[in-house]
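One chain is shown next in structure tokens, namely the form predicted on its own.
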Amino acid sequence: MNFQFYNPTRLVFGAGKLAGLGAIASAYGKKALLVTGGGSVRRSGALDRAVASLKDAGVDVVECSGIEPNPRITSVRRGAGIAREERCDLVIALGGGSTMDASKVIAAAALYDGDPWDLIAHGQAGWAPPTRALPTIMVPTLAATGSEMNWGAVISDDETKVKSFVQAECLYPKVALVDPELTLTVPQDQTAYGVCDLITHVTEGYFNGAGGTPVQDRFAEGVILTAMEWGPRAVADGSDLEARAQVQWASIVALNGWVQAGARAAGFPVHMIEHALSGHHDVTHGAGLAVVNPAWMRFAAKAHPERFVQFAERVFGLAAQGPDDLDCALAGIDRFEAFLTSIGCPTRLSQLGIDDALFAQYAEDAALVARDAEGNLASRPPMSKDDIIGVLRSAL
């Protein structure tokens, strides 16, 4: 192993922690742009409580609402404009992964003179990620993306139908204030999609890494097993605060860098393929991942079954005939897909209303950014466009 690990985000975790938002925020600014999504935080009362805490601490609040699922670059432009016009010195996200991702890029775009879409990698020559941003605080209301404690964001462009990412050190939030009580009102389907999302963050590194990371492997397997134990409880009973807390912690650990440290992952192919789908169809990210991940796993297992055999043995307790037992590897993938089905996730494109009409375009978009010198999608093994289409076809 040869790696660096860095994560400067302060984590404040626990039920009831939202009450302390104002005290935390006052250390970073006096006027906050409070970014929210489609209205659930208003209906639940979380918005009023957040605003009250901020005002009690002497922090003025300007709201930027209406961030959509699969956040649009148009919303980023709008938010950055509000932040500049109102002279905000702090950005606070109160919402799910889309709200948090948009908030990070808004914070950078507020200090950027050009078009915010330039900050997002979308195949352009000389892409330069942002180097500065307003301080941000993330207050997640959904356990899924782990965006509250990492340096990345995913943004979509409605005009081109491209959905892509940015990673930059300046995008690390100053604080992740994580209150599991805020997730108690999340519907069953979104809870299930969040469980799939966090597991996929782990499996991307686990299966695309080069090996030699036994500690990280156990981290990954522990996160998956925890999500599979507590996720169904959170889906079955949304008021189960302990289940909500365990799933939320798992979602943070899944993508704050601990699990991926030293893994030298070839790429995040499942995410890239799903981004192509949701860029065109606006499906929920976790639902798209539930369809793509098992299909990709079956493709990749044929090239290097040993990692999938380990997964089958350690996560599902299957017995292999050897490290290259493809039958065991595929049986483990079947078990994983059955788990996704059991919590209410789709596992076929047809369940998302997607047919094969745009398969060639999805393959093109998936390899737009994360590709090798031959134009293949970064993956283990690398994926040609025909390979991507084959995976999609197997998921119809």
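Treat the numbers as computed from the prediction; the structure is a model and nothing was measured. One rule holds for the numbers: they count along the sequence shown, beginning at 1.
The same protein also exists as the form predicted together with ligand NZQ; that form is not shown, yet it is the one meant from here on.
Would T213 sit within 4.5 Å of ligand NZQ in the predicted complex, counting heavy atoms only? So T213 does not count as contacting ligand NZQ.
Does at least one non-hydrogen atom of T226 fall within 4.5 angstroms of ligand NZQ in the predicted complex? T226: no, not in contact with ligand NZQ in the predicted complex.
Given that ligand NZQ is not shown alongside this chain, does I92 nevertheless sit within 4.5 Å of it in the predicted complex, heavy atom to heavy atom? No, I92 is distant from the partner.
Any chance T160 has a heavy atom within 4.5 Å of ligand NZQ in the predicted complex? So T160 does not count as contacting ligand NZQ.
Work out which of P187, G322, G114, G317 lies within 4.5 Å of ligand NZQ in the predicted complex, going by heavy atoms. Only one listed residue qualifies here, and that residue is P187.
Of Q260, N293, N150, S75, the one that lies within 4.5 Å of ligand NZQ in the predicted complex (heavy atoms): Exactly one residue meets the criterion: N150.
Which of 217 to 225, 122 to 130, 80 to 88, 139 to 147 sits within 4.5 Å of ligand NZQ in the predicted complex, heavy atom basis: Going by heavy atoms within 4.5 Å, the stretch is 139 to 147.
Decide if the three candidate residues G209, G267 and K302 all line ligand NZQ in the predicted complex, where lining means a heavy atom within 4.5 Å. Not a single residue of the candidate spot has a heavy atom within 4.5 Å of ligand NZQ in the predicted complex.
Along 62 to 76, which positions have a non-hydrogen atom within 4.5 Å of ligand NZQ in the predicted complex? Heavy-atom contacts within 4.5 Å come from I67, P69, N70, P71.
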